[in-house]
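One chain follows as structure tokens, the form predicted on its own.
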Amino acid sequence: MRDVAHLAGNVSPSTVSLALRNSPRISPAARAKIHAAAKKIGYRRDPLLDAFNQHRLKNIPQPGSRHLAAVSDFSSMAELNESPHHAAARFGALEAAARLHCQLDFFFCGPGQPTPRRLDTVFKARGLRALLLFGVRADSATMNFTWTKKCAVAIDSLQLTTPLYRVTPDYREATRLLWRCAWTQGCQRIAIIRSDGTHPGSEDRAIAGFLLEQLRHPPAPPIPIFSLTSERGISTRFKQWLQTHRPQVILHTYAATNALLPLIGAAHLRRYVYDAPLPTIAGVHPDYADVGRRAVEQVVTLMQTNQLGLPPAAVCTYVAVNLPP
């Protein structure tokens, strides 16, 4: 480090240490100069020492900097907890935060609440650099925060166009598991229903898994995807679709349950939910608590390594799903 300090213009070794950890206390120009000097002489960080420092930081409480901002564009905690998915993810996030000596501070920017720009000033005043996007509405395409001085991880929220770090259940694998389960039980007429506009990113991945299995186990002819909308006459259109294609099993999302139950029940069809939050619902039960835990662990790691701002492209961690025993 002394060699790097000398080559970078006789800066102090402590400045080199901070720059190599991407500390915001060092200007971007100085950081770039020090990184270039380190690269020139072939300096490499010691992975064992890095691992020790990560362990030390995780187990020593550090007041102030250990607060995480959990942000939702819902209007209140009560509205957020109406979703079993969000309630489970919140439980896991709080558990991980306590284990890592952090505290989750919840903020809401939905109708009647402060805007993201207003929250930016609050975060700056409180020194909050770590954001956990928690419970984003299905129709939200972006969150207008100032990202340059923050590290952020989103739970689910695949519909956001902002390139973020994300943690989400693997919905594509969920529909593949359900397809294979139905196929081994002798069902060859397997269909999927899309709830237009409900959870576009999640449903896109689920449908990708469905289409992949459909290609590998081609029925004759394949059953087209049925789009569940709020338009009038949906019941008649659904009955016509059933009569034309005669599916044996229908896959769908939990958000569509209330609309689908009367229609599917009347037809006496088997149905599987690929994002079921409750054990009483047949289908795949993603571990949303684990999603919350992993999101907190990821944002804490970003904060400890001073990885501020957005990644060049979205980075998504897919949490594996399994069929219940």
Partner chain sequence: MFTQATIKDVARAAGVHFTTVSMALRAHPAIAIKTRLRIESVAKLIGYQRNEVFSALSRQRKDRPHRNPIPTLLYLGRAKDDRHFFAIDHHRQLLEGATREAKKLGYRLKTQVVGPSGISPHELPAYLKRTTAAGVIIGAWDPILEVPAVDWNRIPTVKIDSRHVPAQVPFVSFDQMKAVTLSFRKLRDLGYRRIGLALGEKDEDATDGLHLSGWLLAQAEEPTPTNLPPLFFPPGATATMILPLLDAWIRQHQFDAIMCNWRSILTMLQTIKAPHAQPLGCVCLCRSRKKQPMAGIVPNLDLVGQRAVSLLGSLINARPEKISVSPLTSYVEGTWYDGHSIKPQS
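Heads up, when I say rigid core I mean the largest set of C-alphas that superpose within 1.5 Å between the two forms. Positions refer to the first chain, counted from 1. A quick note: this is a predicted structure, and the numbers were derived from the prediction, not measured.
Heads up, the form predicted in complex with the partner chain isn't pictured, but that's what we're talking about next.
Stretch-level contact analysis of 201-209, 107-115, 244-252, 132-140 against the partner chain in the predicted complex, using heavy atoms and a 4.5 Å limit, identifies 201-209. In the predicted complex, the partner chain sits within 4.5 Å of a heavy atom belonging to T301. The partner chain is not shown here, but in the predicted complex it comes within 4.5 Å of a heavy atom of V319. The partner chain is not drawn, but in the predicted complex it has no heavy atom within 4.5 Å of W147.
None of the heavy atoms of P13 is located within 4.5 Å of the partner chain in the predicted complex. Within 4.5 Å of the partner chain in the predicted complex, a heavy atom is found for all three of D290, R294 and V315. A single residue from the set I234, I225, V122, M77 has any heavy atom within 4.5 angstroms of the partner chain in the predicted complex; that residue is I225. Of the residues in 1-39, those that come within 4.5 Å of the partner chain in the predicted complex through at least one heavy atom are, in sequence order, L20, N22, P24, P28, R31. Relative to the superposed core, Q307 undergoes a C-alpha shift smaller than 2 Å between this form and the one not shown. Core-superposed comparison between this form and the one not shown: the Cα of T317 travels less than 2 Å.
Cα-Cα spacing of I26 to M303 is reduced in the predicted complex versus the present form (difference of at least 3 Å).
In the predicted complex, the Cα atoms of K124 and A32 sit 3 Å or more farther from each other than they do here.
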